[in-house]
Structure formats: C-alpha cells, structure tokens
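Take a look at this one chain, the form predicted on its own, written out in structure tokens.
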C-alpha cells in the first residue's frame, strides 16, 4: 500500500448538496479545516453531486455560503463531481481490463433470495452482503451494475484517532457496486478517483465513515493510487443517541447572522472536544485558538 508520506499537506471537505449543513456536517467541516491549518497545508472543498436524483438545485452554493459565514473558506475553487464523469469511466474501464470489476445482473430481491438459500441473510448499514452470484458470468441475463471484485484478505490501516484498524471487505461487505443500475457512478469509486486527482494527503471526516475506509483502500490499491492518511472524528449525536444526518431530519445549523454562525461554530468545536468560548471571541480568534489546540492533538506522526 502506497501511503502518502511527507510532502505537501492537502485536505478536503466533501459535502453532498442534498440538504444544508447540520451540526454533524459542520463539525466535520471544521475538523478538516483545522487539520489543514494546523499542518500549514491546503484545504479544498469538493461538491459530491454525482448522486443527481438526491441533489437539490442551488444547495451547493447555499452550503458554501454557510461555510463562508463560519470562516471556513477553501483555498481553491470547489470541484464538482458532476463534471468528472469521464474520469470515473476511465477508472472503471481500468478495473474491467485488469479483471478487478465485473458486470452484475442481480436486483436487490435476487440477492435477498440468494442469501436466504445460503442461510446467512444479513444486512450491513442497510446493504445486503453480496453473495458473488455474478462472479462467474451473467448466465444470459442483462447487466445492471458493475461490482468491484474483492479479495479474501484483511485490509489494514491506522486511523490517527482510532488507532489500528482492519476489515476483510470480501467477508464483511462483499463485492460492492462501483457503477449503479441507474447508470450513476457509486460513491466509493468517485471519491477514490477524486482524492487521487486532487492530491489529497489527509482525510478528516466523521466516525460514521470509518466503515468505508477499507473499501476505498482496496480500490486505491487496485487502481495503483496512493492511500491518504485518515482521521475519523467523534460523531454529533441527536437526543436519542443516533447520529445526526439528513436522512433522520437533522436541523440546519443557524448561520444567518455573525452571532448565530459563531454560536454554531462553538457547538461544533465542543463536539470535537475543543475549548469552550472565551469572552470577546470572534470567528477569527476562535478558529486561531482551536487551530493551536488541534496542532497539539493531531499533528504528531
């Protein structure tokens, strides 16, 4: 595994324009910004709008406005995944040529039936563990999607906060979709291709995305791409103990006024375990203080 070592730090925040920032996504944005600033690096924003049916018109600019009012301004023009489809197609073709991807004819119902016959139907984050039905061919059926051919070996990595991690993707996830039945490229493929193109050396994101890391490292290895360093931050939880998300109706963070934006920032910082407000703080002073604190927490090798 080629891991980014040394060189210029480049980080990113990658929101999907399917709704405004909520407390959890603001905390993730703040964490990635602080990590870049603490390392004296570059911080980029990528708008992950490849899942077009879920995207809301104008939400990309709305999110960027929310971030700007919190002092979180990227160092370059944001990249839009919807303009990167040719790059994803090239990566998919590379995996097909190297026999690391295959066509799949299965519907969700087909997979449920196959798993029932095998006697181990179970779900992983609402995804069915794919039993490999189409690994040896489609048997005359039409292709619906493309899947990545996983290997039955553990993927190891070290998270900067959580420590040593491992996952056997073949056994715990199965051959996962990289191009969907609706013709859209899947998140796992697009994020890996774009991280490499943008030279992302460090990825800082919420702990709920830890489970994606092994799949992304497997794709990086298959495509001959370097692996960034990962840091997964604590989640912001709702009153019922569930993580905040757009899917469960998380409320939009208030950035309508300078005071409201600062208050939202303070809550995001608290969720990350950072210092409480200081009398007389403004956005710039608070961000500078948190950057210094973050440097002491997370910039060791």
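Positions refer to the first chain, counted from 1. All figures in this text were calculated on a predicted structure; none of them were measured in a lab.
Omitted here: the form predicted together with a small molecule. The next part is about that form.
Using heavy atoms only and a 4.5 Å cut-off, determine which of 149, 138, 209, 184 is in contact with the small molecule in the predicted bound form. Answer to the contact question: 209.
Open item on the list: Give me the residue from 101, 91, 219, 191 that has a heavy atom within 4.5 Å of the small molecule in the predicted bound form.
Closed with: Selected residue: 191.
Where does the small molecule sit in the predicted bound form: which of 71-79, 201-209, 107-115, 91-99, heavy atoms within 4.5 Å? Heavy atoms within 4.5 Å of the small molecule in the predicted bound form occur in 201-209.
Answer for residue 24 alone: is it within 4.5 Å of the small molecule in the predicted bound form, judged on heavy atom distances?
Residue-level check for residue 24: no, no contact with the small molecule.
- prompt: Might residue 48 be said to contact the small molecule in the predicted bound form, defining contact as any heavy atom within 4.5 Å?
  reply: So residue 48 counts as contacting the small molecule.
**Prompt:** So in the predicted bound form, does any heavy atom of residue 10 sit within 4.5 Å of the small molecule?
**Reply:** Taking the distances in the predicted bound form, the answer for residue 10 is no, it never comes within 4.5 Å of the small molecule.
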